[in-house]
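Below are two forms of the same protein chain, given as structure tokens: structure 1, then structure 2.
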Structure 1
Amino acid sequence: MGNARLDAIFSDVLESLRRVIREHRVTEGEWRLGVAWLTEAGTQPNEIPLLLDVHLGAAVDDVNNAVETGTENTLEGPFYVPGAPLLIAPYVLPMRPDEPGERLLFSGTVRASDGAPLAGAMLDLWQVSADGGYSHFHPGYPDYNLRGRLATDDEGRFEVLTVVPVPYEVPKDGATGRLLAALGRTAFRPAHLHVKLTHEGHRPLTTQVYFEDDPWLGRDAVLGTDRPSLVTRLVRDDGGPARCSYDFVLEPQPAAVPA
């Protein structure tokens, strides 16, 4: 006996594609070009996962992590590494002695949806470096460079020193990049900080924090549109590190549904 859910999803996907073919009167030449493009993508390492993550990953994440009162969820992305070092206050993300880039003091609070501060909430942070690479994925970076875990204080506050991340392009040398170029879309992601948040009794949160005035906001190769609730402002006014702040809200963990 077949899988009924799989059959329903697959049938809907096929019917949606047939509708597109009919409505746009796809030509035989266009069809063959599309087949050749998919064949090319299938022969390139990691190209199909990249293609699906860029164009559909955010939709899957939105369906599975919708919130009502908490901070908006976004994709974990391909660059997360578990087991980042647990930091000791005052918090500084691990970095090279000559780490390039402008220093950034990232601060904020973690609260429950009723406004109560969440002491001991765990933030797992990771980010791109100022020279455009992620440790563990790009050569030349020490393990866990610009990655770390830290806990909020008794009032749910945190503060950590890092560097200002930079925008970067998703891989564009393969089929995905060719499609983005043909569509006239950018391969850039706006600068962002990745955060995973956990606290007992609350739903885990995976999200990204962006910055005002980033030229790629609204043209994100992955999310496509702005996430205004996740945008903060970089402040540079005293000759010290740049500063930004963000206040996170965690929703309560839903009660378990009896089997």
Structure 2
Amino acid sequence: MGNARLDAIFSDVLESLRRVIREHRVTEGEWRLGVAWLTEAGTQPNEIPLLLDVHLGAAVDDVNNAVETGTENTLEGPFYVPGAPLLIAPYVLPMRPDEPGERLLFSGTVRASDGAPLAGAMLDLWQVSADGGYSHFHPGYPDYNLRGRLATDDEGRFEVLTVVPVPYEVPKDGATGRLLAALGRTAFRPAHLHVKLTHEGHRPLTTQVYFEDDPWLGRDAVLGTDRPSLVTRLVRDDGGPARCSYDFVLEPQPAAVPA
């Protein structure tokens, strides 16, 4: 017997595509171009996950991870790597001795939906460097550069030194970039910090923090991810590192549904 759920989903995918073909009267030339473009994507490493994340990842994330009372979720993206170093306070994200970029002190709290501080909540942080690369994905970075895990203190607070992330372009030398260019869209994402938060008894949260006044906010290449509630302010006022803060809220873990 076939898989009924797969059958239902695949039939709907096909029906949606047939409707598009009919409504737009897709020509045979356009069809062949589409097939060639998909074939090209399939031969490029990491291109299919990137393509799907850019166009569809946010929808899958929302279906599965939308929050009710906590900090809004947003897409994990293709650049997460598990197993980042567990840091010891005072927290500094692992970085190269000559790591370029302005230093950033990122602080905040993690609380439950009722406002109770969550001590020992774990933040798993990852970000792009000031020269525009993610360790493990772009060449020339040590493993786990600008990636680390840290715990909140007894009052649910955290503070970590890192560098200010920059707006960057999603890889655009492959099929994903060619499509964005053909659509007249840029490949830029607003600057952001990625974070996964966990605390026992609470729903794990994967989200991103953005910065006010970023020229790419609202026109993220990855549609549906740069949510206004996730935007904070970068403060530069005392000659020290830039500072930003974000107060996260984790929802209670929903009761397990009996199998």
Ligand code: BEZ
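So that the term is clear: the rigid core is the largest set of C-alpha atoms that superpose within 1.5 Å between two forms. Structure 1's sequence is the ruler for residue numbers, which start at 1. Keep in mind that this is a model prediction, so the values were computed, not measured.
Note that the form predicted on its own is the one shown as structure 1, not structure 2. Here the chain acts as two rigid units, and between structure 1 and structure 2 the smaller unit rotates by 10°. Here the rigid core is superposed, and residue 13 then shows its C-alpha moved by 3.4 angstrom between structure 1 and structure 2. For residue 33, the CA shift between structure 1 and structure 2 after superposing the rigid core equals 4.7 Å.
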